[in-house]
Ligand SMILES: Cc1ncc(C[n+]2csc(CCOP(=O)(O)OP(=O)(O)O)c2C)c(N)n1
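One chain is shown next in C-alpha cells, namely the form predicted on its own.
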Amino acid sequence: MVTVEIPADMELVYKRPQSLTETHTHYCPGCTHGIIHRLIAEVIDELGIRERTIGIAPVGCSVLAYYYFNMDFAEAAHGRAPAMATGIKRVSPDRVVFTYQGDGDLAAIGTAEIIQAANRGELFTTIFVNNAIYGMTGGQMAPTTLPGQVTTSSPTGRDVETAGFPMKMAELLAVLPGAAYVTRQAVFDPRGIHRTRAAIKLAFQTQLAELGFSLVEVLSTCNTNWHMGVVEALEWAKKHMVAYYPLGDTKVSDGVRALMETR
C-alpha cells in the first residue's frame, strides 16, 4: 500500500470512505458497481452507522460485495436477500440492514421475496442495480432487458410477444402499502451520481426513522456483456434505458416527505 502525505497547508477533499476496504476490484473495467459501492459507503460514513450496519450480498456480479464493504456482511442464496434481511432486522432491530441486488436476482428468482418484504413494510433498505442483463453468467436476457435488446439468450433481440415486457420494479413496488420510499436513479454522469447518493441517503434515513421499506433502483451499465466501450455504454444507457425506465421518485410516503423537509 502506498501512503501519501498531505501537506499541512492543503485541504483533503477526496479519500477512501471508511466503510470501504482496500480490496482490488473484480468488476470489469468500466463497470458502475464500483461507483454505487462508493456512494453507499459515503452515506454510511456520513450517517455514522457503520458499526451497526449489516449488508447482504446475494448471487450475481455483487456476490463478492462483502470483500469491498468494511462492515458486517452476510451471504444469501440467489434471490433470498430480502428474506435474510427480514430475519436479521427482526432479530436485531437496532441494526441497519441493507441488501445489494441485481436485476436477475431481485426481479427474477427473488421477485416474491422483494414484493412480500415491501408489502409487509420491512424496515430494511434495498439497493437494486439494474443493468438490463445477466452480467455474471454470460449476458443472458434478464427480466429488465429492453425490447429488442440483443443478449446471448435473445440473439435477435427481446421479443415482448414471447418474453413479455421488461419489469419496472420501482413502479411495481411503489403501489405496495408497506413501501415508504421507492426511487429510480442512474450513475451515467456526475449529476446522476449526485442524485443517486442523495437517494441512497434518504433511503437509509427512512429505515432509521422506521417509516417502512425503502428501495433505490440504480440504472447501471454492463459494457462487457453489451459488447460496447465504456463511453458508448454510458451513452447507450442514457438514450435507451432512461427512455424505458424514467428517473425519479415513484413512492414518497407522508412520513418520508416530512423527513425530507427537515433535512
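Note that the structure is a prediction, hence the values are computed from the model and not measured. When you see a residue number, it is the position in the sequence shown, counting from 1.
Although not depicted, the form predicted together with the ligand is the subject of the following passage.
Asks: Where, among 112-120, 98-106, 182-190, 164-172, do residues come within 4.5 Å of the ligand in the predicted complex by heavy atom distance?
Replies: Contact criterion met by 98-106 only.
Asks: Between 233, 59, 65, 41, only one gets a heavy atom within 4.5 angstroms of the ligand in the predicted complex; which residue is that?
Replies: Partner contact (heavy atom, 4.5 Å) among the options: 59.
Asks: Going by heavy atom distances of 4.5 angstroms or less, which of 74, 150, 136, 176 would be at the interface with the ligand in the predicted complex?
Replies: The option sitting close enough to the partner is 136.
Asks: Counting only non-hydrogen atoms and a 4.5 angstroms cut-off, does residue 131 reach the ligand in the predicted complex?
Replies: Yes - in the predicted complex, heavy atoms of residue 131 and the ligand come within 4.5 Å of each other.
Asks: Which of the residues spanning 140-166 lie within 4.5 Å of the ligand in the predicted complex, based on heavy atoms?
Replies: Read in sequence order, no residue approaches the ligand (within 4.5 Å, in the predicted complex).
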